[in-house]
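Given as structure tokens, the chain that follows is alone and in the form predicted on its own.
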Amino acid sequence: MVEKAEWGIIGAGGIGSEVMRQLNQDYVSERLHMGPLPEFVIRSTGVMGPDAVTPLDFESFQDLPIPEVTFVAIPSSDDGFEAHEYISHILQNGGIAVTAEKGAISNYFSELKEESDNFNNLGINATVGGGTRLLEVAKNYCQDVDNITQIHLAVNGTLAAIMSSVGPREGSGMSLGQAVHQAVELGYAEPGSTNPNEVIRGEAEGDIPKKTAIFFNALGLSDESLDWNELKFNLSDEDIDHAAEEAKVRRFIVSLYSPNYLEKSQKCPEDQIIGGFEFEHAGWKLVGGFRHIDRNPLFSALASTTGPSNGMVIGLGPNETDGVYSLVGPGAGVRQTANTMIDDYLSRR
């Protein structure tokens, strides 16, 4: 008889609760050889038992026995300090950690890479791309870094959902306020403000720079780690209004242009980008903003991002002669993210 793996949860919000819901189903726990209930659930109110309600007799997380895997599902923060403390403790005590929290991975990438044996004991797929498993797919195409010409990313499903609701490619849309309210109600947006412009700023300014840095560093595009703080930017109310007015032809796209591409490109990036950042790192140019989907033929695959979709386009070989490869799938959403976290653990046990 196969012994069932013990597991714990840190953060009992939308994603943490969904991980528990999926694993609490008998047919799932049996199939995956995992216990149907967590050993503990860490909430803002303290350390709880398997029912996520009854307090356990432990003063802090550091006093708990560490199970085989702990899912760290607290909301992302700019400094990532809290999540980093949890993850480091898990790794140092022989456990596997899986997280969707972006602050820790973007701020402490090098340290966590070392502590986790090059991420063999730390799953981070849910930090970028949600349900698409975007990081793992990208790694397959980026083994030969010098063969990459350009990479384009739509890594915020909340913004994709809002923009496609305001300006659908066909038919009439809804107001920006309606679209943001819908995204919040569906659980696509991070917890916090419900003011439309503040929600958009939180996703664009707070989420995308972290994801871009994680993507760049996880793929090993340079020996020098990218600091997400270098990509910080501010969206004005005018920027948001402008993007909403052109929502039918705008998506927030992040581009990574390789040194080889930049040597040959006459014009990079395109003009008329709304908001965002432009930064050079280790010979790469990183560009992000609300981009016109017709300005680059490789953007076409990302133009179809609707609902909470994420997407990626990678060009390989001189002038993309080795092919252009794309992936589009569900990004934001608690079910997709929770499922990615569970799969992340299964690939590491």
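In this text, residue numbers run from 1 along the sequence as written. Computed from a prediction, not measured in an experiment: that's the story for all the values here.
Only in words, not in the display: the form predicted together with a small molecule, which the text now covers.
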- Counting only non-hydrogen atoms, which stretch in 277-285, 320-328, 35-43, 290-298 is within 4.5 Å of the small molecule in the predicted bound form? 35-43
- Query: Can Tyr86 be called a contact residue for the small molecule in the predicted bound form at 4.5 Å between heavy atoms?
  - Reply: yes
- Task: Spell out, yes or no, whether the shortest heavy atom distance between Ile74 and the small molecule in the predicted bound form is within 4.5 Å.
- Result: yes
- Looking at the partner-bound form in the predicted bound form, is Arg251 within 4.5 Å of the small molecule by any heavy atom? no
- Is Lys102 close to the small molecule in the predicted bound form, meaning a heavy atom pair under 4.5 Å apart or at it? yes
- Out of Ala97, Ala126, Ile151, Leu159, which one falls within 4.5 Å of the small molecule in the predicted bound form, going by heavy atoms? Ala126
